[in-house]
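Heads up, the chain below is alone and in the form predicted on its own; it's given as structure tokens.
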């Protein structure tokens, strides 16, 4: 019998959104286009058009000793070229953002290789070889995983994102990295708040109705956590097993 992965419990559309993002065989909807040059510009790690800095020579030139693991594990493009490691960090509003920190980590772990994600209460960072990291950032910014008004790049000074949304509907940002112009969210600073040479268009914000439909966040004014019995059942099961194991290993 073929194994069918289970990406998470729940019968609500919030639970289904979570499973869809985590399932690497599901093609998430692409809702906007952002050029490679613009991705490089808002990340701020190197100048657009410049070569990738390297941490070591390409793997093909290193003459490493024979190793069965090297034959089994195919290197990513970034590792193959010897790219240095760089990061992208996302912050997501608690107001029905399409994704959120733990969800981004789960999705990345299923969809990408050779990554090092880190999850905090209000932000999610992933480190990888530079060209691989740019691919990860582009995927999340262009697909239904991100609303440019409710989620975005915050390499520094994330705090305050969970406060109320300002009048323009954007997530609060102390460094003012994004603004709304002509109905589109534009980024005029990179992820750590440094001004960039041109405005990068991130696309139109989702309407409140669309955000509520696409979100992976349980909220009492949308789908309440306790209104999804299957989720409650599994949360309790995991909690009980983790708690009891230390006292009664036979359980």
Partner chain sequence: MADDRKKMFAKHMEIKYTKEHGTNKMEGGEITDMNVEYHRLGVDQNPRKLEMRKAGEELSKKRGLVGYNPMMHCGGIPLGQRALTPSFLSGTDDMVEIDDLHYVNNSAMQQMWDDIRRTVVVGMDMAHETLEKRLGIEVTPETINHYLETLNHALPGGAVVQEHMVETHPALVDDCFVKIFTGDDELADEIDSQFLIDINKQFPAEQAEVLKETIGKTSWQAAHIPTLVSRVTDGAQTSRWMAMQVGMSYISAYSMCAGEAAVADLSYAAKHAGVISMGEMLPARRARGPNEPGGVSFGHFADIIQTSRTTPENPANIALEVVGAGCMLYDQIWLGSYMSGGVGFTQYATAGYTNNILDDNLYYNVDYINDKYDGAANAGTDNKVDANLDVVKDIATESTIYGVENYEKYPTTLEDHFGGSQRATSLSAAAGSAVAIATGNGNAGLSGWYLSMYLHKEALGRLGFFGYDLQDQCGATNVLSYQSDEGLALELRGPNYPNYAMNVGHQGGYAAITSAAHAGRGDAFAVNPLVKVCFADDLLPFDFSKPRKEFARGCLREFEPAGERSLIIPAK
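None of these values were measured; they are calculated from a predicted model. Residue numbers count along the first chain shown, from 1.
The form predicted together with its partner chain is left out here; the points below concern that form.
Participant: Hey, in the model of the complex, is residue 165 touching its partner chain, heavy atoms inside 4.5 Å?
Facilitator: Judged by the heavy-atom cut-off of 4.5 Å, residue 165 is in contact with its partner chain in the model of the complex.
Participant: Is residue 112 close enough to touch its partner chain in the model of the complex, meaning at least one heavy atom pair within 4.5 Å?
Facilitator: Flag for residue 112 set to no.
Participant: Within a 4.5 Å heavy atom cut-off, is residue 56 in contact with its partner chain in the model of the complex?
Facilitator: Residue 56: no, not in contact with its partner chain in the model of the complex.
Participant: Is residue 119 near its partner chain? Define near as a heavy atom within 4.5 Å, in the model of the complex.
Facilitator: Result yes; residue 119 sits at the interface with its partner chain in the model of the complex.
Participant: Has each of 26, 108 and 191 got a heavy atom lying within 4.5 angstroms of its partner chain in the model of the complex?
Facilitator: Per the other structure, none of 26, 108 and 191 touch its partner chain.
Participant: Could you check which residue among 30, 198, 226, 70 gets a heavy atom within 4.5 Å of its partner chain in the model of the complex?
Facilitator: Spelling it out, the residue with a heavy atom inside the cut-off is 226.
Participant: Which of 199-207, 218-226, 36-44, 60-68 has heavy atoms within 4.5 Å of its partner chain in the model of the complex?
Facilitator: Looking at the other structure, the answer is 218-226.
Participant: Going by heavy atoms, what in 33-59 lies within 4.5 angstroms of its partner chain in the model of the complex?
Facilitator: Contacts from 33-59: none.
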